[in-house]
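Take a look at this one chain, the form predicted on its own, written out in structure tokens.
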Amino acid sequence: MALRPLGMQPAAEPPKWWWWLFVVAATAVLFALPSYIDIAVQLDMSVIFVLALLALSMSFLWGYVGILSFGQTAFFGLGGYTYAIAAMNFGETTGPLIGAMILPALFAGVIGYFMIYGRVSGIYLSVITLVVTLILEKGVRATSGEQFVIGSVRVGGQNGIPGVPPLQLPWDPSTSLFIDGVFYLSAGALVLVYVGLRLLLLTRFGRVLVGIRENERRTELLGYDARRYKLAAFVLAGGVAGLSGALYGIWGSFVGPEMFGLGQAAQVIIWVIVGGKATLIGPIVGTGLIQYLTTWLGTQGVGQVSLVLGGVLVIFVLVFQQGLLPSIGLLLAQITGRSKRSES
């Protein structure tokens, strides 16, 4: 029996009982944490959950469909700005939160249609998504003038949009989420998206996506329109990234052009590579590790944090080529296999 790295299960293989136990236990622990940790730790963990959603959108698209998109930060920023502008104009937040997922998904559908149906693939698709991200960043930074107003909200250019409204409870608009509420919201969204994507990979749609990643030509010869499936996955990933952007705006009460930036796009790649792109849980762990390392380096007065993170990326690419969790899982499987052979 072939050894399989941790988390790298075939898309058609249903989750084991221990996976469900892990999800339930992890969810229970997360929702119990605010009673035992202070507000500062809650804030730090909340932003990790939010950014892990962005990493999930990338790992789903890259690891399971084979599309390396630098445009996830474009949908991330678009989701944040959509929520901020709509919430400040309409005075309620449920609709803007939904719109922050729909608008990036539609935008992903438009650019994805021209790329995927135009048979743009590989490095060229990655470059186009990167260019789109940079165009949006430059465009937002150029909106500093007073004439750049959407409804009653100034776009703000370099300064971004401060005072993003907190999320209101749909059944009680007079009540807004405080720090612990944002913690529960971001943790719940991360768990739901993670479980949803994992179960999606069990369906016919998910199996076809993995088949496209393995051999697109063979999948088309079996009668599937690979372009349609890839576009649907691209749209779904755009919606998840948009949700992450909206939650980021809610968490920090601010959205700015750096959400579209090249630095943010590079960070997402680092999170996914460190955790393991062929898993869904790996990028979540990778996001947590890199964010913790970034915060710790900042508190230690290290001035070249980006240089250190670049070194971490090089090490993981050279030593842990499959990512941290898959490499650990493979090592444990090898040790277990050796012990069983020695016993026999």
Partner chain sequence: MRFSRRQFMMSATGALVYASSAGLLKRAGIAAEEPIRVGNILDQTGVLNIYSLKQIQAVAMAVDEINAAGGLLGRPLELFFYDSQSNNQFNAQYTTQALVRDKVQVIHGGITSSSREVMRPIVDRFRGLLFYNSLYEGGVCDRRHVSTGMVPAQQLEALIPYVMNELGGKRGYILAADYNYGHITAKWMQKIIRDNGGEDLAVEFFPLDVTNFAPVLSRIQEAKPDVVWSALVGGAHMAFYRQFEQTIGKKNMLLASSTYGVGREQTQLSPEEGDGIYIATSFVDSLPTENAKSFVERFQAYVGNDEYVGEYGEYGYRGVTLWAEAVRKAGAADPDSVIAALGGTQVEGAGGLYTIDGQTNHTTMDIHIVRGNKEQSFDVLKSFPQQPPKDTQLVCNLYENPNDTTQYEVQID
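Numbering follows the first chain given and starts at 1. Computed from a predicted model, the values in this text were never measured in an experiment.
Beyond the structure shown, there is the form predicted together with its partner chain, which is absent from this document and is the topic of what follows.
Three-residue candidate spot Phe60, Ser121 and Thr203; no residue lies within 4.5 angstroms of its partner chain in the predicted complex by any non-hydrogen atom. Residue contact with its partner chain in the predicted complex: Lys138 places a heavy atom within 4.5 Å of it. Proximity of Tyr248 to its partner chain in the predicted complex: non-hydrogen atoms within 4.5 Å are present. Its partner chain in the predicted complex comes within 4.5 Å of no heavy atom belonging to Arg227. Using a 4.5 angstroms threshold between heavy atoms, Ala40 counts as touching its partner chain in the predicted complex.
Across the options 205 to 213, 96 to 104, 78 to 86, 157 to 165, residues that bring heavy atoms within 4.5 Å of its partner chain in the predicted complex belong to 157 to 165.
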